[in-house]
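Two forms, one protein chain; structure tokens for each follow separately as structure 1 and structure 2.
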Structure 1
């Protein structure tokens, strides 16, 4: 790691939809990486390619942001250990996930189905305080987004999304945030039915079916305990801290 110069790259692409008053930008695709100086150009063009060939549509607007990151500001984390739970039905998978979260955070089990529904329209995650039952996102519509993270030594410039690889990186960062108790995740991709629950204690538990094939509803809930840390320091970590996750590959 010595003498490495790192850069953060972030891409987001959108398309104008609607007419007149209804006209607005619709999100098509986004990606982020933290890579060594030598990979910046290749990763940048792979990101642009991803945006230009996305199945959600042809972008009218692509924003690529490239920022130098100081090596001393990067935290290296070991990936959460992964286990896998096979289930026959998505209902069984969802119950299993609710049960694991319920064990990690006493008293929230009954609230989870409703909280999950509330996340469906959000672009980020719900930050739910298990001590008070309050939602702590500054903007409830958007939610909080974990950002500035990547897999360590991942010099690959692949243009397409790998759900698991992206999720293990995000889940590892989130599990290490101050005051974090557990995370619950269901993809909003209609063809991707595998979800997970994660925490430092549970590790990353993949649950192979958590929703019906074709269902475009998904979301994330970050279960936080305000007795352990302040919401501000947790959000600051999720949104600002640079993290590389050692996935051992």
Structure 2
């Protein structure tokens, strides 16, 4: 019996901003899915629509990549359990997140505000080694991106972004990477203020306010322990392993 035919779909949209030597590419929107053959066309169309109607502006460049994936190469993971934390202010939300990370990774708590600021201009996540205090991304500007993932049995082709569903899929994959201790995330979407902290032990802790509405700054930190695995193993898993996450009903 042959594998079911799956395809990895990735969309990235950007625009040129600034003038002369200050001109640079600004990320507008990104998305990725792993879907069956019959859904490829509809999902690609939805991705392009999402890029063209994003709150960050009109893109100058949209790239859609379609890649065949064999079912036998896909790992199925159970979604992390979810906890919701309501707070009155974004400052309170950040403090709660910093505290949870501090419990998961001793000695990191006081460094987190500075590390978070360093992630603001990055396109991917920071990979921070709690054993040495070093950053381990091969390219500090690009960072490390977790890719090749989707929700199991997902058939949604709506062009609208579902922050929660996408985040729980990403957080579950990241938590299962070799040597991973915890993840800290604040969205860079100016219209989305919810963030999260996640790990195998904590589950997915959704903190409902972690920045001011309208703030375009956001970042992602992967807290890693080089005593448990090599950075190469971790990055290989994050960037290459195909994962479908069972998010339940």
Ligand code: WAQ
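Each form is matched to the other, and the largest set of C-alpha atoms that superpose within 1.5 Å is called the rigid core. Positions refer to the first chain, counted from 1. For clarity, every value in this text was computed on a predicted model and none was experimentally measured.
- Note: the form predicted on its own is the second of the two, structure 2.
- Considering the motion between the two structures, the entry in 109, 74, 138, 116 that lies on the hinge linking the two rigid parts is 74.
- Hinge motion between the two structures is captured by two rigid parts, the smaller swinging by 9° against the larger on C-alpha superposition.
- If you overlay the core, the Cα of residue 24 moves by 4.8 Å between the two structures.
- Superposing the two forms on their core, we find that the Cα atom of residue 60 is displaced by 3.8 Å between the two structures.
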